[in-house]
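As C-alpha coordinates, the next two blocks hold two forms of the same chain, structure 1 and structure 2.
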Structure 1
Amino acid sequence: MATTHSRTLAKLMLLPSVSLLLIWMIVPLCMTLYFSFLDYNLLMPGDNAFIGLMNYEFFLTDPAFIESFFNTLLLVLGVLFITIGGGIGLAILLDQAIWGRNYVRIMVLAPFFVMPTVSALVWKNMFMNPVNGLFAHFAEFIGVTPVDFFAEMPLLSIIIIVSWQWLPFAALILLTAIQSLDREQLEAAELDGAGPFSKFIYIVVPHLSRAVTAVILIETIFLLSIFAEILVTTSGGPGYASTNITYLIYTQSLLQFDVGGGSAGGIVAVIIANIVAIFLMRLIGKNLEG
(Lines of atoms letter the chains of each structure in order from A and count residues from 1; the text may use other names and numbers.)
(Lines give C-alpha, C1' and ligand atoms only; values in the text may rest on other atoms or scores of the structure.)
Protein backbone atom coordinates (compact mmCIF):
# COMPACT_ATOMS: atom_id res chain seq x y z
CA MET A 1 0.00 0.00 0.00
CA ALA A 2 2.89 2.29 -0.08
CA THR A 3 4.22 3.33 -3.40
CA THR A 4 5.62 6.77 -4.09
CA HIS A 5 2.51 7.47 -6.08
CA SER A 6 0.12 6.66 -3.27
CA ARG A 7 2.26 8.51 -0.76
CA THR A 8 2.15 11.68 -2.82
CA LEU A 9 -1.56 11.28 -3.21
CA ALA A 10 -1.95 10.78 0.51
CA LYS A 11 -0.14 14.03 1.21
CA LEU A 12 -2.39 15.86 -1.21
CA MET A 13 -5.48 14.44 0.41
CA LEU A 14 -4.30 15.45 3.86
CA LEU A 15 -3.58 18.97 2.74
CA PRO A 16 -7.07 20.49 3.07
CA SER A 17 -7.66 19.23 6.59
CA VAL A 18 -4.20 20.04 7.85
CA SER A 19 -4.00 23.48 6.31
CA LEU A 20 -7.49 24.48 7.41
CA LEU A 21 -6.83 23.38 10.96
CA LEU A 22 -3.46 25.09 10.95
CA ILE A 23 -5.02 28.34 9.80
CA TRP A 24 -7.87 27.95 12.25
CA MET A 25 -5.38 27.46 15.03
CA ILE A 26 -2.63 29.85 14.15
CA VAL A 27 -4.21 32.96 12.66
CA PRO A 28 -6.70 33.75 15.42
CA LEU A 29 -4.26 32.63 18.06
CA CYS A 30 -1.60 35.03 16.79
CA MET A 31 -4.18 37.80 16.68
CA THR A 32 -5.23 37.01 20.22
CA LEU A 33 -1.62 37.04 21.28
CA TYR A 34 -1.11 40.40 19.58
CA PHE A 35 -4.24 41.97 21.07
CA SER A 36 -3.22 40.76 24.49
CA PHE A 37 -0.36 43.25 24.51
CA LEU A 38 -2.55 46.22 23.52
CA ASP A 39 -4.70 48.65 25.39
CA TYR A 40 -7.62 47.87 23.12
CA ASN A 41 -11.22 48.60 24.06
CA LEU A 42 -13.99 48.62 21.50
CA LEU A 43 -15.81 51.37 23.37
CA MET A 44 -12.80 53.66 23.41
CA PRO A 45 -11.46 53.90 19.90
CA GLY A 46 -7.94 55.13 20.37
CA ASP A 47 -4.45 54.34 19.30
CA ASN A 48 -4.51 50.87 20.91
CA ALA A 49 -1.20 51.50 22.56
CA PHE A 50 1.24 48.71 23.27
CA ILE A 51 1.18 48.11 26.98
CA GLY A 52 3.32 45.01 27.36
CA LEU A 53 2.22 42.53 29.94
CA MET A 54 -0.20 44.88 31.68
CA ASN A 55 -3.25 42.94 30.49
CA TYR A 56 -1.81 39.72 31.82
CA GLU A 57 -1.01 41.39 35.13
CA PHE A 58 -4.55 42.63 35.44
CA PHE A 59 -6.06 39.36 34.40
CA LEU A 60 -3.93 37.12 36.57
CA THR A 61 -4.12 39.28 39.69
CA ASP A 62 -7.86 39.78 39.37
CA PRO A 63 -9.45 37.81 42.19
CA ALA A 64 -12.10 36.83 39.67
CA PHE A 65 -9.48 34.90 37.75
CA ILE A 66 -8.42 32.83 40.73
CA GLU A 67 -12.03 32.15 41.58
CA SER A 68 -13.00 31.21 38.06
CA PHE A 69 -9.91 29.07 37.69
CA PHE A 70 -10.97 26.96 40.64
CA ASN A 71 -14.55 26.99 39.45
CA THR A 72 -13.40 25.59 36.11
CA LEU A 73 -11.44 22.90 37.85
CA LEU A 74 -14.30 22.02 40.18
CA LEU A 75 -16.75 21.95 37.32
CA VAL A 76 -14.64 19.60 35.20
CA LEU A 77 -13.60 17.29 38.03
CA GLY A 78 -17.04 17.29 39.64
CA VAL A 79 -18.79 16.33 36.44
CA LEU A 80 -16.16 13.72 35.57
CA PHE A 81 -16.48 12.22 39.02
CA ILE A 82 -20.27 12.05 38.94
CA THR A 83 -20.60 10.84 35.36
CA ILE A 84 -17.92 8.17 35.55
CA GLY A 85 -18.99 6.93 38.97
CA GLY A 86 -22.66 6.97 38.05
CA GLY A 87 -21.85 5.71 34.57
CA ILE A 88 -20.11 2.60 35.85
CA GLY A 89 -22.99 1.88 38.22
CA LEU A 90 -25.57 2.37 35.49
CA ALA A 91 -23.57 0.35 32.99
CA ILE A 92 -23.33 -2.60 35.37
CA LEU A 93 -27.04 -2.36 36.09
CA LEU A 94 -27.99 -2.20 32.42
CA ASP A 95 -25.73 -5.15 31.70
CA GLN A 96 -27.91 -7.40 33.87
CA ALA A 97 -30.74 -9.40 32.40
CA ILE A 98 -33.73 -7.05 32.64
CA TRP A 99 -37.06 -6.71 30.92
CA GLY A 100 -37.35 -3.94 28.35
CA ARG A 101 -33.67 -3.13 28.17
CA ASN A 102 -34.11 -1.25 24.90
CA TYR A 103 -36.60 1.17 26.43
CA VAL A 104 -34.32 1.70 29.39
CA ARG A 105 -31.43 2.47 27.05
CA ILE A 106 -33.49 4.98 25.14
CA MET A 107 -34.54 6.76 28.31
CA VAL A 108 -31.01 6.86 29.69
CA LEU A 109 -29.51 8.17 26.48
CA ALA A 110 -32.05 10.97 25.95
CA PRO A 111 -30.41 13.79 27.95
CA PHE A 112 -27.32 13.60 25.73
CA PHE A 113 -29.36 14.89 22.80
CA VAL A 114 -30.86 17.83 24.65
CA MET A 115 -29.18 21.08 23.74
CA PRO A 116 -27.41 22.80 26.65
CA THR A 117 -29.58 25.90 26.52
CA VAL A 118 -32.73 23.82 26.83
CA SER A 119 -31.52 21.63 29.65
CA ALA A 120 -30.22 24.64 31.58
CA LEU A 121 -33.50 26.51 31.20
CA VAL A 122 -35.63 23.53 32.08
CA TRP A 123 -33.64 22.76 35.20
CA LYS A 124 -33.41 26.38 36.22
CA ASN A 125 -37.10 27.17 35.95
CA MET A 126 -39.08 24.01 36.29
CA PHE A 127 -36.97 22.19 38.83
CA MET A 128 -34.67 24.50 40.73
CA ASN A 129 -36.80 27.62 40.93
CA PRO A 130 -37.26 28.39 44.64
CA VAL A 131 -40.96 29.30 44.27
CA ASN A 132 -42.46 27.41 41.38
CA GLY A 133 -39.92 24.69 40.74
CA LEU A 134 -40.75 21.06 41.30
CA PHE A 135 -38.09 20.74 43.99
CA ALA A 136 -39.65 23.67 45.87
CA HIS A 137 -43.08 22.08 45.64
CA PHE A 138 -41.64 18.86 46.91
CA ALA A 139 -39.83 20.60 49.80
CA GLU A 140 -43.06 22.31 50.82
CA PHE A 141 -44.89 19.02 50.57
CA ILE A 142 -42.57 17.36 53.06
CA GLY A 143 -42.45 20.54 55.15
CA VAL A 144 -38.94 21.92 54.72
CA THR A 145 -37.87 25.31 53.40
CA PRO A 146 -37.20 25.19 49.67
CA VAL A 147 -33.60 25.70 48.59
CA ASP A 148 -32.77 28.62 46.33
CA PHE A 149 -30.34 26.59 44.27
CA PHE A 150 -28.74 29.27 42.12
CA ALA A 151 -28.34 31.71 45.00
CA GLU A 152 -27.08 29.26 47.61
CA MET A 153 -25.13 26.73 45.59
CA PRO A 154 -24.73 28.11 42.07
CA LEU A 155 -21.71 26.06 41.03
CA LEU A 156 -23.09 22.82 42.41
CA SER A 157 -26.37 23.45 40.59
CA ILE A 158 -24.51 23.85 37.33
CA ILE A 159 -22.48 20.72 38.03
CA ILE A 160 -25.76 18.83 38.53
CA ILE A 161 -27.20 20.08 35.26
CA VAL A 162 -24.06 19.33 33.27
CA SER A 163 -23.68 15.91 34.88
CA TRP A 164 -27.23 15.09 33.86
CA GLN A 165 -26.31 15.87 30.28
CA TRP A 166 -23.11 13.81 30.26
CA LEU A 167 -24.12 10.84 32.39
CA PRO A 168 -25.80 9.06 29.44
CA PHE A 169 -22.69 9.36 27.33
CA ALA A 170 -20.45 7.87 30.02
CA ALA A 171 -22.96 5.15 30.87
CA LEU A 172 -23.46 4.03 27.28
CA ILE A 173 -19.77 3.92 26.41
CA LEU A 174 -19.00 1.99 29.58
CA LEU A 175 -21.94 -0.33 28.94
CA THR A 176 -20.63 -1.13 25.47
CA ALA A 177 -17.21 -1.78 26.96
CA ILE A 178 -18.64 -4.11 29.61
CA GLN A 179 -20.61 -5.98 26.99
CA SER A 180 -17.44 -6.59 24.99
CA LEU A 181 -15.83 -8.16 28.04
CA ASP A 182 -14.71 -11.68 27.42
CA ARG A 183 -17.16 -13.96 29.25
CA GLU A 184 -14.75 -16.88 29.14
CA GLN A 185 -12.20 -14.85 31.01
CA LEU A 186 -14.73 -14.20 33.76
CA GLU A 187 -15.68 -17.85 33.91
CA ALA A 188 -12.05 -18.88 34.06
CA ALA A 189 -11.54 -16.48 36.95
CA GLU A 190 -14.55 -17.97 38.65
CA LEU A 191 -13.10 -21.46 38.27
CA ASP A 192 -9.89 -20.13 39.79
CA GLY A 193 -11.93 -19.17 42.82
CA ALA A 194 -12.20 -15.41 42.29
CA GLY A 195 -15.11 -13.80 44.14
CA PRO A 196 -17.27 -11.04 42.65
CA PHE A 197 -15.05 -8.38 44.21
CA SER A 198 -11.73 -9.66 42.90
CA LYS A 199 -13.31 -10.38 39.53
CA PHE A 200 -14.34 -6.73 39.40
CA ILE A 201 -10.92 -5.41 40.48
CA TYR A 202 -8.72 -7.68 38.37
CA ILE A 203 -10.76 -8.20 35.24
CA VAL A 204 -13.52 -5.65 34.83
CA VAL A 205 -11.54 -2.58 35.91
CA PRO A 206 -8.53 -3.09 33.63
CA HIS A 207 -10.88 -3.84 30.77
CA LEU A 208 -12.82 -0.65 31.41
CA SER A 209 -9.76 1.56 31.66
CA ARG A 210 -9.64 2.15 27.91
CA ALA A 211 -13.27 3.19 27.82
CA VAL A 212 -12.86 5.39 30.89
CA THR A 213 -9.91 7.07 29.21
CA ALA A 214 -12.05 7.82 26.17
CA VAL A 215 -14.80 9.23 28.38
CA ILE A 216 -12.38 11.45 30.29
CA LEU A 217 -10.82 12.72 27.08
CA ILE A 218 -14.03 13.60 25.32
CA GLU A 219 -15.82 15.02 28.32
CA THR A 220 -12.85 17.18 29.27
CA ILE A 221 -12.72 18.67 25.80
CA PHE A 222 -16.32 19.79 26.13
CA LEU A 223 -16.36 20.58 29.86
CA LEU A 224 -13.41 22.97 29.75
CA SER A 225 -15.49 25.32 27.66
CA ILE A 226 -18.89 25.09 29.31
CA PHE A 227 -20.68 28.28 28.45
CA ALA A 228 -24.35 28.16 27.62
CA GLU A 229 -25.35 26.50 30.90
CA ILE A 230 -23.82 29.39 32.83
CA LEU A 231 -25.12 32.07 30.51
CA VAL A 232 -28.76 31.07 30.80
CA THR A 233 -28.80 30.12 34.49
CA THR A 234 -26.63 32.31 36.72
CA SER A 235 -24.76 34.55 34.30
CA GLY A 236 -21.74 33.64 36.37
CA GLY A 237 -23.14 34.93 39.64
CA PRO A 238 -23.73 35.63 42.34
CA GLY A 239 -20.52 37.60 42.20
CA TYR A 240 -18.17 35.24 40.43
CA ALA A 241 -19.38 32.17 42.28
CA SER A 242 -20.29 30.28 39.13
CA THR A 243 -18.00 31.93 36.59
CA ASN A 244 -15.56 29.68 34.78
CA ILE A 245 -12.68 30.94 32.69
CA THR A 246 -14.59 30.74 29.44
CA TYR A 247 -17.40 32.79 30.89
CA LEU A 248 -15.03 35.29 32.52
CA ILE A 249 -13.33 36.01 29.23
CA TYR A 250 -16.66 36.30 27.51
CA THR A 251 -17.83 38.97 29.97
CA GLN A 252 -14.56 40.86 29.70
CA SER A 253 -14.33 40.94 25.96
CA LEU A 254 -17.87 41.00 24.66
CA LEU A 255 -19.74 42.57 27.57
CA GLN A 256 -17.09 45.04 28.71
CA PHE A 257 -15.54 45.32 25.25
CA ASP A 258 -12.05 45.02 26.71
CA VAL A 259 -10.39 43.25 23.81
CA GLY A 260 -6.91 43.49 25.30
CA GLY A 261 -7.88 42.06 28.65
CA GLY A 262 -10.05 39.38 27.09
CA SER A 263 -7.24 38.36 24.78
CA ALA A 264 -4.81 38.01 27.64
CA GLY A 265 -7.40 35.81 29.32
CA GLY A 266 -7.79 33.80 26.14
CA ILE A 267 -4.07 33.13 26.01
CA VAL A 268 -4.12 32.06 29.65
CA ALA A 269 -7.00 29.71 28.86
CA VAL A 270 -5.05 28.26 25.95
CA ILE A 271 -2.06 27.64 28.18
CA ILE A 272 -4.21 25.93 30.79
CA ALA A 273 -5.88 23.84 28.12
CA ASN A 274 -2.48 22.87 26.76
CA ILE A 275 -1.33 21.65 30.13
CA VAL A 276 -4.48 19.57 30.40
CA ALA A 277 -4.08 18.42 26.81
CA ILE A 278 -0.50 17.22 27.30
CA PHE A 279 -1.64 15.29 30.32
CA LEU A 280 -4.58 13.78 28.45
CA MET A 281 -2.57 12.95 25.34
CA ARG A 282 -0.14 10.99 27.49
CA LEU A 283 -3.09 9.15 28.90
CA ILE A 284 -4.56 8.27 25.50
CA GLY A 285 -1.23 7.58 23.89
CA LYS A 286 -0.77 4.95 26.57
CA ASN A 287 -4.30 3.67 26.73
CA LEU A 288 -6.14 4.13 23.48
CA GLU A 289 -3.90 3.14 20.65
CA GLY A 290 -2.34 0.06 22.28
Structure 2
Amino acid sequence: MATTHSRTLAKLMLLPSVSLLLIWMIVPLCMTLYFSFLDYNLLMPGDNAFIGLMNYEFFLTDPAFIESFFNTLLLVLGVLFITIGGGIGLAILLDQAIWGRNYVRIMVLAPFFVMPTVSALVWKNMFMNPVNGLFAHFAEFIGVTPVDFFAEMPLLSIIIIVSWQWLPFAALILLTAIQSLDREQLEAAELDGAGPFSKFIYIVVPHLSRAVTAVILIETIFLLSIFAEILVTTSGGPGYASTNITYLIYTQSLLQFDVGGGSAGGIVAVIIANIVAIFLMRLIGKNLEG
Protein backbone atom coordinates (compact mmCIF):
# COMPACT_ATOMS: atom_id res chain seq x y z
CA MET A 1 0.00 0.00 0.00
CA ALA A 2 2.80 2.35 0.94
CA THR A 3 4.67 1.49 -2.26
CA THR A 4 1.60 2.30 -4.40
CA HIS A 5 1.14 5.59 -2.55
CA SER A 6 4.80 6.48 -3.11
CA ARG A 7 4.56 5.75 -6.83
CA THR A 8 1.41 7.85 -7.17
CA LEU A 9 3.06 10.72 -5.30
CA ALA A 10 6.15 10.45 -7.53
CA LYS A 11 4.01 10.61 -10.67
CA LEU A 12 2.14 13.65 -9.37
CA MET A 13 5.42 15.42 -8.63
CA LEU A 14 6.69 14.66 -12.14
CA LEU A 15 3.45 15.72 -13.81
CA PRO A 16 4.19 19.52 -13.99
CA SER A 17 7.62 19.09 -15.58
CA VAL A 18 6.44 16.38 -17.98
CA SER A 19 3.41 18.49 -18.98
CA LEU A 20 5.61 21.53 -19.57
CA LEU A 21 7.98 19.44 -21.68
CA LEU A 22 5.13 18.05 -23.78
CA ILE A 23 3.71 21.54 -24.34
CA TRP A 24 7.20 22.77 -25.25
CA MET A 25 7.43 20.07 -27.91
CA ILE A 26 3.87 19.64 -29.15
CA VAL A 27 2.88 23.29 -29.63
CA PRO A 28 5.72 24.16 -32.10
CA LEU A 29 5.19 20.85 -33.89
CA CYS A 30 1.46 21.48 -34.30
CA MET A 31 2.09 25.03 -35.52
CA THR A 32 4.65 23.75 -38.04
CA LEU A 33 2.18 21.12 -39.24
CA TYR A 34 -0.53 23.79 -39.58
CA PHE A 35 1.69 26.19 -41.57
CA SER A 36 2.81 23.36 -43.87
CA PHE A 37 -0.68 23.24 -45.40
CA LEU A 38 -0.79 26.99 -46.12
CA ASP A 39 0.55 29.20 -48.89
CA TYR A 40 2.25 31.31 -46.25
CA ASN A 41 4.94 33.71 -47.48
CA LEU A 42 6.25 36.54 -45.33
CA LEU A 43 6.48 38.81 -48.37
CA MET A 44 2.72 38.47 -48.90
CA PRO A 45 1.13 38.81 -45.44
CA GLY A 46 -2.53 37.96 -45.23
CA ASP A 47 -2.51 35.64 -48.26
CA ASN A 48 -2.53 32.42 -46.23
CA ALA A 49 -4.62 30.20 -48.46
CA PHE A 50 -5.01 26.51 -47.66
CA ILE A 51 -3.23 24.50 -50.39
CA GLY A 52 -3.21 21.00 -48.90
CA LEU A 53 -0.18 18.89 -49.70
CA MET A 54 1.26 21.18 -52.39
CA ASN A 55 4.08 22.35 -50.11
CA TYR A 56 5.10 18.74 -49.50
CA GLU A 57 4.93 17.94 -53.20
CA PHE A 58 7.06 20.97 -54.05
CA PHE A 59 9.61 20.20 -51.34
CA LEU A 60 9.96 16.49 -52.13
CA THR A 61 10.22 16.99 -55.90
CA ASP A 62 12.66 19.90 -55.65
CA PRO A 63 16.08 18.84 -57.05
CA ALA A 64 17.64 20.71 -54.13
CA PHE A 65 15.94 18.27 -51.72
CA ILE A 66 17.40 15.25 -53.50
CA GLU A 67 20.90 16.74 -53.39
CA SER A 68 20.54 17.88 -49.79
CA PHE A 69 19.27 14.43 -48.78
CA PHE A 70 22.34 12.71 -50.16
CA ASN A 71 24.57 15.43 -48.68
CA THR A 72 22.99 14.74 -45.29
CA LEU A 73 23.58 11.02 -45.75
CA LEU A 74 27.23 11.53 -46.75
CA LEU A 75 27.77 13.96 -43.88
CA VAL A 76 26.42 11.53 -41.28
CA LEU A 77 28.25 8.49 -42.67
CA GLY A 78 31.51 10.40 -43.13
CA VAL A 79 31.52 11.78 -39.60
CA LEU A 80 30.58 8.40 -38.12
CA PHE A 81 33.38 6.67 -40.04
CA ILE A 82 36.01 9.17 -38.88
CA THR A 83 34.83 9.47 -35.27
CA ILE A 84 34.42 5.75 -34.65
CA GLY A 85 37.69 4.78 -36.33
CA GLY A 86 39.62 7.64 -34.76
CA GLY A 87 37.78 7.21 -31.46
CA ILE A 88 38.88 3.60 -31.14
CA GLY A 89 42.48 4.59 -31.86
CA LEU A 90 42.37 7.47 -29.38
CA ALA A 91 40.70 5.32 -26.73
CA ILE A 92 43.41 2.66 -27.02
CA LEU A 93 46.11 5.34 -26.87
CA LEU A 94 44.59 7.06 -23.83
CA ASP A 95 44.28 3.73 -22.07
CA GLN A 96 48.05 3.28 -22.08
CA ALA A 97 50.10 4.07 -19.00
CA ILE A 98 51.88 7.18 -20.25
CA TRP A 99 53.21 10.20 -18.38
CA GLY A 100 50.64 12.97 -18.03
CA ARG A 101 47.81 10.76 -19.21
CA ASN A 102 45.15 12.76 -17.35
CA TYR A 103 46.30 16.03 -18.94
CA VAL A 104 46.34 14.40 -22.39
CA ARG A 105 42.77 13.19 -21.85
CA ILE A 106 41.62 16.70 -20.96
CA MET A 107 43.29 18.13 -24.08
CA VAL A 108 41.76 15.45 -26.30
CA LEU A 109 38.27 16.06 -24.90
CA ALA A 110 38.53 19.87 -25.18
CA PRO A 111 37.14 20.20 -28.77
CA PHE A 112 33.82 18.72 -27.67
CA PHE A 113 33.21 21.71 -25.39
CA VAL A 114 33.87 24.31 -28.10
CA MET A 115 30.74 25.87 -29.62
CA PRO A 116 30.10 24.74 -33.21
CA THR A 117 30.17 28.31 -34.53
CA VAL A 118 33.54 29.02 -32.88
CA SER A 119 35.13 25.79 -34.09
CA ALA A 120 33.86 26.39 -37.63
CA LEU A 121 35.32 29.92 -37.63
CA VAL A 122 38.65 28.62 -36.32
CA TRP A 123 38.87 25.99 -39.05
CA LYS A 124 37.71 28.41 -41.74
CA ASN A 125 40.14 31.24 -40.91
CA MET A 126 43.11 29.56 -39.23
CA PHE A 127 43.40 26.21 -41.00
CA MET A 128 41.51 26.08 -44.31
CA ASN A 129 41.89 29.65 -45.53
CA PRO A 130 43.49 29.36 -49.01
CA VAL A 131 45.71 32.42 -48.40
CA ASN A 132 46.50 32.75 -44.71
CA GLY A 133 45.56 29.31 -43.36
CA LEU A 134 48.04 26.89 -41.84
CA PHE A 135 47.31 24.32 -44.54
CA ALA A 136 48.02 26.92 -47.24
CA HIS A 137 51.35 27.86 -45.62
CA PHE A 138 52.29 24.18 -45.35
CA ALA A 139 51.40 23.63 -49.03
CA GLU A 140 53.57 26.57 -50.05
CA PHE A 141 56.38 25.27 -47.87
CA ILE A 142 56.46 21.92 -49.69
CA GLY A 143 55.94 23.59 -53.10
CA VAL A 144 52.33 22.59 -53.69
CA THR A 145 49.46 24.84 -54.77
CA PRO A 146 47.21 25.62 -51.76
CA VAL A 147 43.74 24.09 -51.82
CA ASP A 148 40.63 26.22 -51.50
CA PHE A 149 38.82 23.71 -49.34
CA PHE A 150 35.39 25.36 -49.20
CA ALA A 151 35.29 25.94 -52.96
CA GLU A 152 36.78 22.65 -54.19
CA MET A 153 35.66 20.19 -51.50
CA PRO A 154 33.00 21.93 -49.37
CA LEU A 155 31.19 18.87 -48.02
CA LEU A 156 34.44 17.10 -47.11
CA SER A 157 35.60 20.25 -45.31
CA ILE A 158 32.44 20.31 -43.21
CA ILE A 159 32.82 16.59 -42.47
CA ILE A 160 36.34 17.25 -41.17
CA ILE A 161 35.17 20.14 -38.97
CA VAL A 162 32.24 18.21 -37.50
CA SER A 163 34.40 15.10 -37.00
CA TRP A 164 36.92 17.18 -35.04
CA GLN A 165 34.09 18.23 -32.73
CA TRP A 166 32.60 14.77 -32.20
CA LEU A 167 35.81 12.73 -32.06
CA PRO A 168 36.35 13.44 -28.31
CA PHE A 169 32.83 12.24 -27.52
CA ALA A 170 33.36 8.95 -29.33
CA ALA A 171 36.80 8.54 -27.74
CA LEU A 172 35.37 9.10 -24.25
CA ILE A 173 32.58 6.52 -24.66
CA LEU A 174 34.94 3.97 -26.21
CA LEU A 175 37.64 4.61 -23.59
CA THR A 176 35.10 3.84 -20.86
CA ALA A 177 34.22 0.60 -22.66
CA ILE A 178 37.89 -0.39 -23.02
CA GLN A 179 38.54 0.24 -19.33
CA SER A 180 35.69 -2.13 -18.46
CA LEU A 181 37.37 -4.94 -20.42
CA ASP A 182 38.51 -7.86 -18.28
CA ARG A 183 42.32 -7.66 -18.19
CA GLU A 184 42.58 -11.31 -17.22
CA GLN A 185 40.99 -12.23 -20.54
CA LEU A 186 43.68 -10.28 -22.40
CA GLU A 187 46.42 -11.89 -20.30
CA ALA A 188 45.00 -15.36 -20.95
CA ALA A 189 44.93 -14.68 -24.69
CA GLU A 190 48.51 -13.44 -24.54
CA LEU A 191 49.60 -16.61 -22.73
CA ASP A 192 47.93 -18.64 -25.48
CA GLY A 193 50.15 -16.89 -28.01
CA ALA A 194 47.75 -14.25 -29.32
CA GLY A 195 49.46 -11.15 -30.70
CA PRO A 196 48.28 -7.54 -30.37
CA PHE A 197 46.36 -7.67 -33.65
CA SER A 198 44.56 -10.89 -32.72
CA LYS A 199 43.65 -9.57 -29.30
CA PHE A 200 42.28 -6.41 -30.86
CA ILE A 201 40.18 -8.23 -33.50
CA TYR A 202 38.84 -11.10 -31.40
CA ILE A 203 38.58 -9.53 -27.92
CA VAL A 204 38.60 -5.73 -28.01
CA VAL A 205 36.37 -5.18 -31.06
CA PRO A 206 33.54 -7.50 -29.90
CA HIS A 207 33.69 -5.90 -26.47
CA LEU A 208 33.32 -2.43 -28.04
CA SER A 209 30.28 -3.35 -30.16
CA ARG A 210 27.72 -2.02 -27.68
CA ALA A 211 29.65 1.19 -27.10
CA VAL A 212 30.01 1.71 -30.86
CA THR A 213 26.27 1.20 -31.30
CA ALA A 214 25.55 3.81 -28.62
CA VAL A 215 27.93 6.27 -30.29
CA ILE A 216 26.24 5.71 -33.65
CA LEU A 217 22.80 6.28 -32.13
CA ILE A 218 23.65 9.49 -30.27
CA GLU A 219 25.80 11.02 -33.00
CA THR A 220 23.36 10.27 -35.80
CA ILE A 221 20.49 12.05 -34.04
CA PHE A 222 22.61 15.20 -33.65
CA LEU A 223 24.32 14.99 -37.05
CA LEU A 224 21.00 15.03 -38.87
CA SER A 225 20.54 18.63 -37.69
CA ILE A 226 24.00 20.08 -38.41
CA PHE A 227 23.53 23.75 -39.22
CA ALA A 228 26.01 26.21 -37.67
CA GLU A 229 29.07 24.75 -39.39
CA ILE A 230 27.44 25.09 -42.81
CA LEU A 231 26.16 28.60 -42.16
CA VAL A 232 29.53 29.90 -41.00
CA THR A 233 31.71 28.25 -43.65
CA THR A 234 29.99 27.62 -47.01
CA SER A 235 26.38 28.85 -46.64
CA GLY A 236 25.39 25.63 -48.37
CA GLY A 237 27.42 26.30 -51.51
CA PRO A 238 28.80 26.30 -54.03
CA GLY A 239 25.26 25.83 -55.33
CA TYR A 240 23.84 23.08 -53.13
CA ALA A 241 27.11 21.15 -52.83
CA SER A 242 27.20 21.41 -49.03
CA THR A 243 23.51 21.94 -48.27
CA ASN A 244 21.88 19.41 -45.96
CA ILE A 245 18.16 19.11 -45.22
CA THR A 246 18.37 21.37 -42.16
CA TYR A 247 20.07 24.17 -44.09
CA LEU A 248 17.65 23.75 -47.01
CA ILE A 249 14.73 24.32 -44.63
CA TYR A 250 16.49 27.41 -43.30
CA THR A 251 16.96 28.86 -46.78
CA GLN A 252 13.33 28.31 -47.72
CA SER A 253 11.90 29.66 -44.47
CA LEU A 254 14.16 32.61 -43.65
CA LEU A 255 15.95 33.49 -46.89
CA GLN A 256 13.13 32.89 -49.35
CA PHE A 257 10.46 33.80 -46.72
CA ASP A 258 8.42 30.72 -47.69
CA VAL A 259 7.18 29.65 -44.27
CA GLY A 260 4.74 27.12 -45.72
CA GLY A 261 7.39 25.32 -47.77
CA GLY A 262 9.89 25.49 -44.92
CA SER A 263 7.32 24.07 -42.51
CA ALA A 264 6.65 21.17 -44.88
CA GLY A 265 10.38 20.56 -45.05
CA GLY A 266 10.52 20.62 -41.25
CA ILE A 267 7.84 17.94 -41.00
CA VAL A 268 9.68 15.84 -43.58
CA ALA A 269 12.90 16.23 -41.58
CA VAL A 270 11.10 15.16 -38.38
CA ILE A 271 9.74 12.07 -40.11
CA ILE A 272 13.17 11.13 -41.48
CA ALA A 273 14.79 11.68 -38.07
CA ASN A 274 12.18 9.51 -36.35
CA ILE A 275 12.59 6.72 -38.91
CA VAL A 276 16.35 6.76 -38.37
CA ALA A 277 15.93 6.91 -34.57
CA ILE A 278 13.51 3.97 -34.52
CA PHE A 279 15.82 1.91 -36.72
CA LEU A 280 18.81 2.69 -34.51
CA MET A 281 16.87 2.03 -31.30
CA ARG A 282 15.94 -1.42 -32.59
CA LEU A 283 19.53 -2.00 -33.60
CA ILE A 284 20.88 -1.03 -30.20
CA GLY A 285 18.14 -3.07 -28.50
CA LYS A 286 19.17 -6.23 -30.39
CA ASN A 287 22.79 -5.51 -29.58
CA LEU A 288 22.09 -5.15 -25.87
CA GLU A 289 20.01 -8.33 -25.85
CA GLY A 290 22.88 -10.16 -27.52
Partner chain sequence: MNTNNQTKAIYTILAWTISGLIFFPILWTAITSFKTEAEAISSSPSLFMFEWTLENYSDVLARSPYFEHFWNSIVISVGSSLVGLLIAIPAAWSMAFVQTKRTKNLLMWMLSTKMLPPVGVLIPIYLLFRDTGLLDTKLGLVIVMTLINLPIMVWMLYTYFKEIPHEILEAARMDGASIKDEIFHVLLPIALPGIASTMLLNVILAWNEAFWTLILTAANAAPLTAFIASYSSPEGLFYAKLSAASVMAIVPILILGWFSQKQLVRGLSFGAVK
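For clarity, a rigid core is taken as the largest C-alpha set superposing within 1.5 Å between two forms. One-based numbering along structure 1's sequence throughout. Nothing here was measured: the structure is a model prediction, and the numbers come from that model.
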| query | finding |
| --- | --- |
| Correct structure when looking for the form predicted on its own | 2 |
| Is_shifted residue 18 between structures 1 and 2 (CA, 2 Å cut-off, rigid core) | yes |
